[in-house]
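Only one chain comes next, encoded as C-alpha cells, the form predicted alone.
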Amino acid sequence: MASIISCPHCGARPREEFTIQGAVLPRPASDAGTKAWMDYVYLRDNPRGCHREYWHHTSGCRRWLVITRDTVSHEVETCHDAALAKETEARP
C-alpha cells in the first residue's frame, strides 16, 4: 500500500490519515429496479490495475477524495477533491 498520499488540500500525508470508502460507481436512477440497487449497494468487482476509489482524509482536512490507485502495486496515480471532481464530470 502506498505510504504517502498527496491530498490536494494538505499536501503529502501518511496513508494512515486516510480511510478507504469504496469504489467510485455510477449511482442508479431513483426508479431503477431492485437488481440495479442490489448490485450498486452490495456487489463489487475485484479489478486488477487502475481503480477509482473514494477515500476520506479522516485525520486531516476531513474532505472526501477520489483516488486513482493501482490495485496491484498500490501506487496512487491521482488524488482529487470528490466535490470538485463531481462538478468537473457534470460539465458538458
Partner chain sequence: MSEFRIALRPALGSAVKPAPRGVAMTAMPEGHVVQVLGSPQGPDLSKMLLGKNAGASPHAVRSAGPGQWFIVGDTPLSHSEFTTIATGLKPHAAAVDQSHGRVRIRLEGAMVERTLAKGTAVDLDLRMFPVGNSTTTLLGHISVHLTRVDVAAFEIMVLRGFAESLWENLVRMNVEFA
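In this text the structure is predicted, and so the values were computed from the model without any measurement. Residue numbers count along the first chain shown, from 1.
A second form of this protein, the form predicted together with the partner chain, is not displayed here; the remarks below concern that form.
Contact annotation for residue 61: at least one heavy atom lies within 4.5 Å of the partner chain in the model of the complex. Although the partner is absent from this view, residue 16 contacts the partner chain in the model of the complex, with a non-hydrogen atom inside 4.5 angstroms.
The partner chain is not drawn, but in the model of the complex it has a heavy atom within 4.5 Å of residue 9.
Of the heavy atoms in residue 84, some are within 4.5 Å of the partner chain in the model of the complex.
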